[in-house]
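Have a look below at one chain only, the form predicted on its own, in structure tokens format.
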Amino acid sequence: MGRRAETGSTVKVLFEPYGLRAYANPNETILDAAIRVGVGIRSECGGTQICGKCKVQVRDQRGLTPATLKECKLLNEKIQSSFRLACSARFLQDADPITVVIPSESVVRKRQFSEIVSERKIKLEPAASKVRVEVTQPSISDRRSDSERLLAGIKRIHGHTKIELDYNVIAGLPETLRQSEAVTSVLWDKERVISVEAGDTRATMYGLAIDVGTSRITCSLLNLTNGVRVADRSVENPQIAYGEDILTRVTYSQAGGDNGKQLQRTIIAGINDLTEKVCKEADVDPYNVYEAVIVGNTVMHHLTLGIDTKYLARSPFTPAIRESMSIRGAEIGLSINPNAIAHFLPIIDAFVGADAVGDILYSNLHRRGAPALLLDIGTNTEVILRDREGLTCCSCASGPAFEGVHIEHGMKAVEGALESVTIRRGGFKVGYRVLGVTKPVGLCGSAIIDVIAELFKEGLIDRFGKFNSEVETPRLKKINGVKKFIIVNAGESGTGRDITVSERDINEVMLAKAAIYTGCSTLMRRRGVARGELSRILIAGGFGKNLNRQNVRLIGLIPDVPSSKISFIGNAAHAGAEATLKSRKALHLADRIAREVEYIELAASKEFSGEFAAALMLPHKNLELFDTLKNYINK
């Protein structure tokens, strides 16, 4: 049962199909009440009445506030079937018990995360290291302090004197040095002593690599004595309760009061939960974790550190800091060794964060070689171009269409989502594959791309994404006055309703793919790189896992290169964090990369509007740029 409000009258609520009885506060939204008692309802926009994904059914609405105009517009005909938006409908005071039914398409489902990619071979030389030190005992004739005697012992091993002791080490040093003849000192980057332990503890030395993404957090535990990954876990970013996208969370953090700190506490709690799980899995005491390397986009970087994000959302979009940071993990509440170092990799710009630095490190894009593109596709897609002179990058406002937002039956890559679709015989035959062993309830990003490409190949839509009125197929119907193509019939779906795609849905994807292609083409034009010169196109992140290489090219998402040149490299940002955890040289290389990458602001580019408009067609206005696909285009 949900907890009762401490003050004022309450409303009894039954959440179905869970059979969960709870109490709601007067004027509290259904969504807020659900989050408070642990009931998952989709809310891609963070409760701002934009996405329309938090649909619930309430038969008796006398205990709720009336539907707003925005709510009625988003629900359309569903408002007549007792549907409401959980983020909009509020409980009235002294209302009778209310039953809220959460339909299957509104349920938060288990998400498919991309696996952490294989570890790249790298010379093991972590920034955090342990040394056994014999320290002479104090005497009347030896008037050196405890710290002087410890540093003298370290000097005998390392040979250099520029080593500092952290305050926390000095505070406990007198007792530790008198417990045994030898101690183990933990050094950070060979410059700081961050811990001193009695006896020989060199065999127990662990570190965490953490990728704080907008949608999920990934954490792996590495044995720093041999470089082996001993455990890894992923979880939905718990900040999702405050908004699916970055800007929604920034808005929430600025809404007043303790919101910014609340977002920080939420993300730290998520990291600590993962830390506990990976340590338990590997039978490792969290006290033996001495280093954590953290990557993430710029907003997640600032929120994790508790830095004000206000000016990341205001022109000229300036981050508080771009350089890497090394702090005690305890300062932000990490549940590891109290003296452990949390190292945040540097960011490149307000819209290109430390995750992009991790991508570059893992992919070796920073090394000289033939021109290549790297894309990390998301709400803000980072595009990085390597030419023979160096690295150039930009951020594309691709929007959340590939996460299912603004797509009527769109959803994330969770159980029940269609992950791939084929359309044959002029639209009469549709095949699909579903994530998990369940009936389909919607389309994730890879399936949406497939649908548009397949409709185009079969002549069911034109180059503007409009349905061909001359084509006759029972799957192309007008539903409530809107022409839609039926992917899954109601009898086959898990919702009991048709899963469809409309021209409006197609347009959302066209806008997203145009933004990404424009980012690629603008960088290539600036650096004088022709598509024929591209040696490879790398697609990072979970989105690329189920993409059809031909269909990605056919809709014009990326430049037209042979499919053999397109590679999906998984969670490269996390792999980059692991590399810096294992190598202090890689750690310092990350700083150099961030300084040397040239950032291009697309909005300030003279070519942007023209390039973007041309990319709004399938695959592009200039078909000569997609000549390898002419058989499909001219079909």
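Bear in mind that the values here come from a model prediction, so they are computed numbers and not experimental data. A residue's number is simply how far along the shown sequence it sits, counting from 1. Just so we're on the same page, rigid core means the largest C-alpha set that superposes within 1.5 Å between forms.
FYI, the form predicted in complex with another copy of the chain isn't displayed, but the following is about it.
- Message: residue 146 versus another copy of the chain, in the model of the complex: is there a non-hydrogen atom within 4.5 Å?
- Response: Yes, residue 146 sits close enough to another copy of the chain in the model of the complex that at least one of its heavy atoms falls within 4.5 Å.
- Message: Under a 4.5 Å heavy atom criterion, is residue 315 part of the interface with another copy of the chain in the model of the complex?
- Response: Residue 315 belongs to the contact set for another copy of the chain.
- Message: With the partner left out here, check for me: in the model of the complex, does some heavy atom of residue 287 sit within 4.5 Å of another copy of the chain?
- Response: It does not: once another copy of the chain is placed as it appears in the model of the complex, residue 287 has no heavy atom within 4.5 Å of it.
- Would residue 332 count as a contact of another copy of the chain in the model of the complex, using a 4.5 angstroms cut-off between non-hydrogen atoms? Output for residue 332 is yes: heavy atoms within 4.5 Å of another copy of the chain.
- Item | Stretch in contact in the model of the complex with another copy of the chain, which is absent here, among 510-518, 300-308, 527-535, 217-225 (heavy atoms within 4.5 Å) | Going by heavy atoms within 4.5 Å, the stretch is 300-308.
- Let me know the one among 416, 319, 346, 270 whose heavy atoms come within 4.5 Å of another copy of the chain in the model of the complex, would you? Contact residue from the list: 319.
- Name the residue from 182, 282, 235, 170 that puts a heavy atom within 4.5 Å of another copy of the chain in the model of the complex. Going through each option in turn, the one that passes is 170.
- Query: Is the C-alpha displacement of residue 143 equal to or greater than 2 Å between this form and the one not shown once the rigid core has been superposed?
  - Reply: Yes, the C-alpha position differs by at least 2 Å between this form and the one not shown.
- Message: Is the shift of residue 192 between this form and the one not shown large enough to count as movement, that is, does its C-alpha move by 2 Å or more after the core is superposed?
- Response: Yes; residue 192 is a residue whose C-alpha shifts (by 2 Å or more) between this form and the one not shown when the cores are overlaid.
- After the core is matched up, is the C-alpha of residue 152 off by 2 Å or more between this form and the one not shown? Where the cores coincide, residue 152 still shows a C-alpha shift between this form and the one not shown that is 2 Å or more.
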